[in-house]
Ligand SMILES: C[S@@+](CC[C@H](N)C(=O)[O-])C[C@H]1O[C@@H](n2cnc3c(N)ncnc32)[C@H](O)[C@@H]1O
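First, one chain by itself: the form predicted alone, in structure tokens.
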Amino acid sequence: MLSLPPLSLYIHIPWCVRKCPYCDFNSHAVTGEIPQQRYIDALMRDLDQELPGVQGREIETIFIGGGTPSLFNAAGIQQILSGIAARTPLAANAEITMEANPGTFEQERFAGFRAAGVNRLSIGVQSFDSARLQQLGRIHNSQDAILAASKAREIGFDNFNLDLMHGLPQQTPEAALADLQQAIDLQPTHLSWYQLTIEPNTEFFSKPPNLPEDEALWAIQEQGQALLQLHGYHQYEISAYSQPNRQSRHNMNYWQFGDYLGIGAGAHGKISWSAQNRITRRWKQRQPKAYMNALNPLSGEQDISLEERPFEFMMNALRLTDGVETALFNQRTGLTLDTIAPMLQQAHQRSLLLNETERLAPSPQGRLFLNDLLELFLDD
């Protein structure tokens, strides 16, 4: 039977100083002054229209993403979090994460963000190599990145993530591993370490940079994972590594097919309705101006059909190194394992899933060939 999972809240702030050439997120370069108060008002209207659908359920995690949310001042973040707390129950131990750039301008605001209620930072370092940062269109340098992590810890963030990419233009394996070692030396509780991919509708897609060969990328991946393990960082998801008990609770809820409200320009949400056996996706208008001007910013809504649920569930759960408990499939989809028995059999026969009765987990081979594994659960 479909049961109600934990509930999270995603808040999208769409502005950046400039658009990075690899970025395919809904982000917009700042032209003039950011309309901070107008956008906050729009976020609260959006939230007011979302809350009836969750009927007073407690929010367990909040993630403020972008764009570059740290372009908002601390008073603005305080207003957003206070507005949420005034409208809906918030767990006493809620994880409240905010993305931040490591530039000097944002660093000066870290203490204000902490006082506003943010208890976890995700700092977008990407690299500690100034030449690579310039190629990526980043506006900070390597020293800014190092200082940002130190500053975060100094003012009381005992839980923070560093976002780091590898496989960068003209990057050697030695340089990639030096980047990773520098990140480890800063002792974040969490590292998001992932390979640069070229996405459509980006500058890099139309003007491809010179990226490392596959052999170099494989060497970086293997040696980097060994280095992370050596320093006590457990890989619990494809590109997520944490110190013990420091996984991102917000992202874990995504990967375990939990529920989340999405407010802000282009934000997406997913809500379960236990009594009706429905799971609904909702998304908002993408353009900031249209979003702020709309009395109702909802752009679209669609139920996830019974036939689509196995793939939707597995697409998230099988990203996790340890997978999920078997019982979670029924709880989060409302379907029994019998409905996917032939798919599971194929996955086991191809050694893509571990042969465990109490857990749905990818095998080492399944992690390497995840797309092949997920295709087995597609509705033909």
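Residue numbers run from 1 along the displayed sequence. In this text, all values refer to a predicted model and were calculated from it rather than measured experimentally.
Below: the form predicted together with this ligand, not depicted.
Heavy atoms within 4.5 Å of this ligand in the predicted complex: which stretch among 161 to 169, 176 to 184, 221 to 229, 79 to 87? Only one stretch qualifies here: 161 to 169.
The unique member of His190, Arg309, Lys270, Arg138 whose heavy atoms fall within 4.5 Å of this ligand in the predicted complex: It is Arg138.
Looking at Ala116, Ala240, Leu196, Ile96 here, can you tell me which has any non-hydrogen atom within 4.5 angstroms of this ligand in the predicted complex? Of the candidates Ala116, Ala240, Leu196, Ile96, Leu196 is the one lying within 4.5 Å of this ligand in the predicted complex.
Please check if Gly124 has a heavy atom lying within 4.5 Å of any heavy atom of this ligand in the predicted complex. Answer yes; at least one heavy atom of Gly124 falls within 4.5 Å of this ligand in the predicted complex.
Just to confirm, Gly67 within 4.5 Å of this ligand in the predicted complex by heavy atoms? Yes.
With a 4.5 Å heavy atom cut-off, would you call Phe369 a contact of this ligand in the predicted complex? Close contact is absent here: in the predicted complex, Phe369 is far from this ligand, nothing within 4.5 Å, heavy atoms only.
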